[in-house]
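Okay, here we've got a single chain as structure tokens, the form predicted alone, with questions on binding and movement later.
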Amino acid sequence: MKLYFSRNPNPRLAVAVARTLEAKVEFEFASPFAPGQADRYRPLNPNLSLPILAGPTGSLWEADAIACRLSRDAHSDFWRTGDDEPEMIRWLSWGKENFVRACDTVHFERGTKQRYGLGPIDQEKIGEGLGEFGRAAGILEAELVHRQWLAGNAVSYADFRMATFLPFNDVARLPLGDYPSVARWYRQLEAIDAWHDPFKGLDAPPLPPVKPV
């Protein structure tokens, strides 16, 4: 199988999962939205978004689906399948609609738009995103005071998904330090080599720099 990726948040997440699981995949850097590339990737994903996992029986897109597939293939409980599965699903669902979405809102304004010349920062959106982040991080903080990881006693895909945008906090500048248990939890993730540097040894051109505003 081949995993098409870039350095953006969701593809980064998929690569981190694959390397954590030591998945038997070939990694290929891709740019479906680059001029002249759409026709190549549209049969693999009609949305043209990454990541894409392509194999002899077809392709799979969306990071969560890819994580599930790779974990199943590896016979790993990284994607929980036992008693912790409902807990993992809860965090995936809540996180994407709350904590992850808030991180995305702020990162899009301060990071993505400035990397790709998509217009000026919308300070109103920043304010909304920071407000959502504060509410979600407060809930996460209260939970992580009493637990090391989100689902069970070991790291799982729930932790990786919740942290999707935190590797980009150098540009998003979310106040993670205001939430000591969340910050501690994220330091644990950063201590995992496959999360800290999922692109080590791969042909993966760096993201465009964030333009000063």
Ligand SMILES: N[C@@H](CCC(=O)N[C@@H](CS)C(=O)NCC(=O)O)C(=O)O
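For every residue, the number given is its place in the sequence shown, counted from 1. Only a predicted model underlies this, so the values are computations on that prediction, with no experimental measurement involved.
Keep in mind the form predicted together with the ligand is missing from the figure; the text below concerns it.
Distance check, Glu62 to the ligand in the predicted bound form, heavy atom within 4.5 Å: Flag for Glu62 set to yes.
Contact flag, Asn10 vs the ligand in the predicted bound form, heavy atom cut 4.5 Å: Yes - in the predicted bound form, heavy atoms of Asn10 and the ligand come within 4.5 Å of each other.
The ligand contact at Ser49 in the predicted bound form, heavy atom, 4.5 Å: Ser49: yes, in contact with the ligand in the predicted bound form.
Proximity of Arg69 to the ligand in the predicted bound form, heavy atoms at 4.5 Å: Because no heavy atom of Arg69 falls inside 4.5 Å of the ligand in the predicted bound form, the answer is no.
Option from 50-58, 35-43, 172-180, 147-155 whose residues, in the predicted bound form, bring a heavy atom within 4.5 Å of the ligand: Of the stretches listed, the one contacting the partner is 50-58.
Residues of stretch 136-150 in contact with the ligand in the predicted bound form (4.5 Å, non-hydrogen atom): Contacts from 136-150: none.
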